[in-house]
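Take a look at this single chain in structure tokens; it is the form predicted on its own.
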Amino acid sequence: MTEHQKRDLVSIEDLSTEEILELFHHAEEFRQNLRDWSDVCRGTIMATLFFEPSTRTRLSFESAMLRLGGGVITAADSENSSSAKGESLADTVRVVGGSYADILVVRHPQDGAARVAGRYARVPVINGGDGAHEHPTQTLCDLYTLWKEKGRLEGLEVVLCGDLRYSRTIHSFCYALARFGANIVTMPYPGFELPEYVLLRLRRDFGVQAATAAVDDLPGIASGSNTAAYLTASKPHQLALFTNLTNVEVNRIDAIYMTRAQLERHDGESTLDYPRLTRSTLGAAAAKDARIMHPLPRVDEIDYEVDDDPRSIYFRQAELGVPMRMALMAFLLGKIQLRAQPPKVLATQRGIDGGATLRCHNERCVTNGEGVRYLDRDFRLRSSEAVGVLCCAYCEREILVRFLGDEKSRTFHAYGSPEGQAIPEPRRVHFETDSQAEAAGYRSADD
């Protein structure tokens, strides 16, 4: 492998918008004849470390590497790997990402585990899905498919339907759609709406505004009396087209993205009457030019009789995963160069040490799982006003910091106060509540 800066793909935010578009063009080149590229990664070995079941993601990556001329080693069954003996993910990737392999693809049940792999492995790491956090390569494949089908991403009306709460694919897709200026219509199964932390991030990082959406009758997934959420990252002058952005009528749909119920991450919630897309759905006027997408595997949420409809592109979506992943791996391995600039701040950079006072509130986070044994609590600053917004560097779940302590004086101040902001960075200790600060031995400066 040629010498170049190590890059990981743990979150879709690890690639700039311009890099994503440039990768689409490389994927197009690879797609023209998949058999023409066997010299690109000759002598390179990819390891797939999958601690959760997978068919398409693992095989797609393995096919992509073989078509690039590289080799593949795999640990596709956690029960037969050293993790069953208690070996940490950090130790596994340090061993495999040494002389064993030149690039790692990791799937893991704990949120944020892929970031752990990226930090400890010496070679590039690709997130093949970590808990309910993200699945960035699925998002790249989805965006690439939609871009090919519609010729653009900006301004598209994309309906997300089903389990939006636990689907890591949906979370990555939402962030990416917002970045590209697409509009999102959410039609969740009741109780499985987009998590609040996803909505918060969409609002703050991408300027997304929310409205109630009135959607034309879509039998099986929505009726005319149903309402849905409309999320738009449109520019301010475009928002004037909506009536105070309180109610948006959706009568044209560019894509319907169905998701299965993520039963492996549910806590026993009922999924009776789960949405089901049928021929009747496709007969709706709003769906006339819609593309039907699904990350697969499908269970019962799309009828088999829909497969022959030319608007159903979920199998093509899966096929396009191979050239897209070929382009991504060739890039991360330094075999192709991109002219586009990377994101301004790479997520691999260390942030704020949580020390003994802060912990991630996401119980599924790797820092509250196996990482308790060895991970530092690391947070990144999202915004800094009257209250600080920090996010876990691993799973990106946010916490609010209301007080700053001074390690030298052992006093604490309101976060946004002049006294709090005057505390030098190396001496700052972050607290969510005043009682948390007092329990740590700090006193209020007002006392």
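Superpose the two forms; the largest set of C-alphas matching within 1.5 Å is the rigid core. Just so we're clear, the structure is a prediction, and the values are computed from it rather than from any experiment. A residue's number is simply how far along the shown sequence it sits, counting from 1.
Same protein, other form: the form predicted in complex with another copy of the chain, not shown, and the subject of what follows.
Visitor: Is Gly71 close enough to another copy of the chain in the predicted complex to count, meaning some heavy atom within 4.5 Å?
Guide: Yes - in the predicted complex, heavy atoms of Gly71 and another copy of the chain come within 4.5 Å of each other.
Visitor: Though only this chain appears here, would Asp36 touch another copy of the chain in the predicted complex if you measure heavy atom gaps against 4.5 Å?
Guide: Yes.
Visitor: Do Ala210 and another copy of the chain share at least one heavy atom pair within 4.5 Å in the predicted complex?
Guide: It does not: once another copy of the chain is placed as it appears in the predicted complex, Ala210 has no heavy atom within 4.5 Å of it.
Visitor: Going by a heavy atom distance of 4.5 Å, is Gly43 a contact of another copy of the chain in the predicted complex?
Guide: Because a heavy atom of Gly43 falls inside 4.5 Å of another copy of the chain in the predicted complex, the answer is yes.
Visitor: Quick one: which of 214-222, 108-116, 358-366, 319-327 gets within 4.5 Å of another copy of the chain in the predicted complex, going by heavy atoms?
Guide: Looking at the partner contacts, the answer comes out as 319-327.
Visitor: Though another copy of the chain is not shown, can you say which of Gln32, Thr55, Ser409, Ser383 has a heavy atom within 4.5 Å of it in the predicted complex?
Guide: The residue from Gln32, Thr55, Ser409, Ser383 that makes the contact is Thr55.
Visitor: Between Arg152, Arg339, Lys288, Arg122, only one gets a heavy atom within 4.5 angstroms of another copy of the chain in the predicted complex; which residue is that?
Guide: That would be Arg122.
Visitor: Can we say the CA of Trp37 moves by at least 2 Å between this form and the one not shown when the core is superposed?
Guide: After core superposition, the displacement of the Trp37 C-alpha between this form and the one not shown reaches the 2 Å mark, so yes.
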